[in-house]
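Okay, here we've got a single chain as structure tokens, the form predicted alone, with questions on binding and movement later.
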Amino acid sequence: MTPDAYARARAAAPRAMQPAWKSQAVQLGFALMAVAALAGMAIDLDLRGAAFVAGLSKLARLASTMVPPSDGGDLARIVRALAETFAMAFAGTVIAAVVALIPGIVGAKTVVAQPALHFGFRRMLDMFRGVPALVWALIFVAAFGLGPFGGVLALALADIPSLAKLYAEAIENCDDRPMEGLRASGARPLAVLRLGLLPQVAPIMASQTLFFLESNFRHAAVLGIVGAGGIGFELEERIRIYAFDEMAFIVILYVICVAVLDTVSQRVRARLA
């Protein structure tokens, strides 16, 4: 290497290393900002070690009152509330699945190819997806009174936009060749949908609907706490009167029911896959 080439190489080395140092500095800056944000959130939320220790001592006393779990002589009432919770979840899921079919088909790019309409429809679904089932339950309990009716409507309205989005994505991922063959043979649009599209998306939609049934059975307990009926109402009543042994019995029974439902649903979804 000539002296001139060597000098140029030495002069260029720091410039070559500079982007790497800049990248590391940026990463360090983002890390410090994240730590500062986390510290600020902890201070704002009053996350103190002393409060955690005091809460643990209270939690230990609470847990001691849960043993042994007891049904309090209300086993039939608890089982009936569990059945009501499952009925709420089932009815809400079925209503949502049926109603979501049309917006799911319309929301697919392969069905509505106009970008502006597709964008606007999807954003409308996203807007409704932002409202949780608990908020719908509070609204419907205030409108229709206490009971499972408001819970069913809340679960259905919370699920419709989410299921419609999933249905639309399933339709978009379908193979177009069967439908093109049916169109080429002169089949009507409804026949194309029934024979070319439905056999492809039905197993996927059924699997997604079963997954929402599992989720709704868990969410229905929370809705009951705000007056929408079901096992949540029984839990709220026991907590209010400090009957934590009965609360523990209800929670254990509820967890068993959720586990059984999840197992059955997973096996059914595995067969549909």
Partner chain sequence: MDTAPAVETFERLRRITLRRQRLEAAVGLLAFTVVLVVAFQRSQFFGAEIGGDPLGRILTFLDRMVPDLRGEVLFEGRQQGGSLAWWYYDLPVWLRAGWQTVEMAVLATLAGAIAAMLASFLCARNLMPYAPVRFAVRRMLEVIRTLPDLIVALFLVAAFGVGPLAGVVTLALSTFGSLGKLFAEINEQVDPRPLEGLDASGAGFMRRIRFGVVPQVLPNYASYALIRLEGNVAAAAALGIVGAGGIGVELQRAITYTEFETYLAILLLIVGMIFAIDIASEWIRHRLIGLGGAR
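Positions refer to the first chain, counted from 1. Please read all numbers here as calculations on a predicted model, not as lab measurements. For the two forms, the rigid core is made up of the largest set of C-alpha atoms that agree within 1.5 Å on superposition.
Another form exists, predicted in complex with the partner chain; not displayed. Remarks below refer to it.
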| item | value |
| --- | --- |
| Partner-facing stretch of 135-143, 166-174, 99-107, 67-75, counted where any non-hydrogen atom is within 4.5 angstroms of the partner chain in the model of the complex | 135-143 |
| Candidate from L32, L38, V26, I241 lying within 4.5 Å of the partner chain in the model of the complex - any heavy atom | L38 |
| 4.5 Å heavy atom contact, A206 to the partner chain in the model of the complex | no |
| Contact flag, R271 vs the partner chain in the model of the complex, heavy atom cut 4.5 Å | yes |
| is_contact(P161, the partner chain) in the model of the complex, heavy atom dist at most 4.5 Å | no |
| Exercise: E214 in contact with the partner chain in the model of the complex, heavy atom 4.5 Å | no |
| Residues of stretch 249-265 in contact with the partner chain in the model of the complex (4.5 Å, non-hydrogen atom) | V251, Y254, V255, V258 |
| Core-aligned C-alpha movement of A36 between the shown form and the other one, 2 Å or more | yes |
| G49 C-alpha moves between the shown form and the other one by 2 Å or more, core aligned | yes |
| Rigid core fit then T65 CA moved by 2 Å or more between the shown form and the other one | no |
